[in-house]
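The chain below stands alone and is given as structure tokens, in the form predicted on its own.
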């Protein structure tokens, strides 16, 4: 599952390449990948111009001139591949990123008026592209429940602290992974931010004092921004908007570094379990009190 930096990297690539393009045709081969009524496609998608590409948590939104939006979730194996004067691929790094398209994984094909194409490929068929009125997007159940964006300029450390009150009896890692608390954080950046703030992942939320939450807030924002700058992680399923693997994992301080020395104290990094996920910690820097 992509995390915030990977999806933001995809958004930036699409924003650069498809804004202003007009959709001439759309075809799909799997109803669950494109669950839209034919009449809506004819009236609100065909002939529409792309005006904006947005992201909310791990979901992409392509706004159209018809006051409708394509809401896209890549899930585990989704790809977006643009082929025009330039070519880029974003998503699961299979041969479909570089091979001839469409192929057996292609679910949806958007053809633009200039002859360029945007392909939505998805081997496992869990992803989807939904067309809906832009005004209704905030009313999607997910949008109603998802927490604030951790990188928003007006999202303060005090607000971050207050968000975790709803999970006071949970472990801090479980709370970090809860998308209703804060949006977009997954396993990689939970481990990294907890290491950076010297908090053990199994620490109960109610046992963490506010100064430690401020440190966690600072670390989380710093690593998310760093990962975006580096094009996202090199985790199994995601590449950046130019089809190149992101490079954050190469610079990770704790994630997937089990057996290696902690970059802060030299103690061997171990892998354990927390919140049902493989979890990387330094047993000396992150002590469960």
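Positions refer to the first chain, counted from 1. Since we're looking at a predicted model, the values are computed, not measured. By rigid core we mean the largest C-alpha set that fits within 1.5 Å across both forms.
If you look for the form predicted in complex with the DNA, you will not find it shown, but the lines that follow are about it.
Visitor: Looking at 215-223, 152-160, 117-125, 193-201, which lies within 4.5 angstroms of the DNA in the model of the complex, counting heavy atoms?
Guide: So the stretch in question is 117-125.
Visitor: Identify whether the DNA in the model of the complex is within 4.5 Å of every residue in the set 12, 66 and 138, based on non-hydrogen atoms.
Guide: No: no residue has a heavy atom within 4.5 Å of the partner.
Visitor: Exactly one of 100, 85, 104, 209 has a non-hydrogen atom within 4.5 Å of the DNA in the model of the complex; which residue is it?
Guide: Answer to the contact question: 104.
Visitor: Which residue, 131, 174, 108, 81, is the contact with the DNA in the model of the complex, using a 4.5 Å heavy atom cutoff?
Guide: Looking at the other structure, the residue within range turns out to be 174.
Visitor: Consider residue 55 of the chain shown here, and say whether it contacts the DNA in the model of the complex, taking contact as heavy atoms within 4.5 Å.
Guide: Residue 55: no contact with the DNA in the model of the complex.
Visitor: With a cut-off of 4.5 Å between heavy atoms, is residue 256 one of the residues that contacts the DNA in the model of the complex?
Guide: Because a heavy atom of residue 256 falls inside 4.5 Å of the DNA in the model of the complex, the answer is yes.
Visitor: Is residue 42 close enough to touch the DNA in the model of the complex, meaning at least one heavy atom pair within 4.5 Å?
Guide: No, residue 42 sits far enough from the DNA in the model of the complex that none of its heavy atoms falls within 4.5 Å.
Visitor: Given that the partner is absent here, does residue 8 sit within 4.5 Å of the DNA in the model of the complex, heavy atoms only?
Guide: It does not: once the DNA is placed as it appears in the model of the complex, residue 8 has no heavy atom within 4.5 Å of it.
Visitor: For the heavy atom contacts within 4.5 Å of the DNA in the model of the complex, list the residues of 250-277 involved, in sequence order.
Guide: The stretch 250-277, when checked against the DNA in the model of the complex, contributes 255, 256, 271, 273, 277 at the 4.5 Å heavy-atom cut-off.
Visitor: Once the two forms are fit on the core, has residue 145 moved its CA by at least 2 Å between this form and the one not shown?
Guide: No, the C-alpha moves less than 2 Å.
Visitor: Please check if residue 157 moves between this form and the one not shown, taking a CA shift of 2 Å or more relative to the superposed core as movement.
Guide: Where the cores coincide, residue 157 shows only a C-alpha shift between this form and the one not shown that is less than 2 Å.
Visitor: Quick check on residue 218: with the core superposed, does its CA move 2 angstroms or more between this form and the one not shown?
Guide: It does not reach a 2 Å shift.
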